[in-house]
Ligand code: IPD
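Only one chain comes next, encoded as structure tokens, the form predicted alone.
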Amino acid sequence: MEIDVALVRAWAQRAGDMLLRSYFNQVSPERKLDRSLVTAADRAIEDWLRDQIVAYYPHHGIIGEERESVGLDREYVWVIDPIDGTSSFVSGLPMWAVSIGVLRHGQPVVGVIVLPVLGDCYWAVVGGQAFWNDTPIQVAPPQPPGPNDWIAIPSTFHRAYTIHYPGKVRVLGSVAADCCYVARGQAKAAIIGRAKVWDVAAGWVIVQAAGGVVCPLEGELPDWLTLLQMVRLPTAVVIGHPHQVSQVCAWVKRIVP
């Protein structure tokens, strides 16, 4: 059964509309056991997305941030993050996203990301182009960075690494947004920390369809079937043009305790 990407886009945009209308700037956060933030909005939107998936694709597996995983050994597995960037969402900042990825036989094949405050939808299907709304997008070419060029980094990156990028670094507060801005060529690259699979599944499809690659900062990345079990990436990664990521890796140094 093929995935109807137009339907997935409609679900992501509907979820974003519900978040804006009923939850944004209207909810209080809680702390999960891992000390990360969660809100009633995260749970409600994930439940709504799961309901849509089960209704249209009842034999598919699902893994998401807020609920138990189902059917990770099935042909298709949906990887959903109802609010990527919950800290930004709670703080009233605009850079948060609804992220929906789909794996088939352990390989990401569909990615849809909506940034509701900005009204932007990024999406791609493996083997095709990447799009920002209905405009095809490509990662930036690997030119020497100018003073106003920028890369995205995690908010806690300075605790473990130094970086000597000749341009600027920015913290967007959402891994999904990092992927989108790299895919459309606005960010020259992005460093993504040890994110969880629901943070990156959709974004990596979009980045790769836009001509980019995912390169581990250290070590190697396991396959997706293993990642679904691990949940968290074993290392930080760099995303961008194939010739850009090696440069970024060279500018980064781990801080020795």
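Computed from a prediction, not measured in an experiment: that's the story for all the values here. The first residue of the sequence shown is number 1, and the count goes up from there.
This next part talks about the form predicted together with the named molecule, which is not shown.
I113 within 4.5 Å of the named molecule in the predicted complex, heavy atoms: Output for I113 is no: heavy atoms all beyond 4.5 Å of the named molecule.
P108: touches the named molecule in the predicted complex, heavy atom cutoff 4.5 angstroms: Contact check for P108: no, nothing within 4.5 Å of the named molecule in the predicted complex.
Partner proximity in the predicted complex: I83 to the named molecule, non-hydrogen atom cutoff 4.5 Å: Output for I83 is yes: heavy atoms within 4.5 Å of the named molecule.
Close approach of G173 to the named molecule in the predicted complex, 4.5 Å, heavy atom: Close contact exists here: in the predicted complex, G173 approaches the named molecule to within 4.5 Å, heavy atoms only.
Proximity to the named molecule in the predicted complex (heavy atom, within 4.5 Å), stretch among 68-76, 173-181, 134-142, 119-127: Looking at the partner contacts, the answer comes out as 173-181.
Residues within stretch 177-206 having a non-hydrogen atom within 4.5 Å of the named molecule in the predicted complex: The stretch touches the partner through D199 alone.
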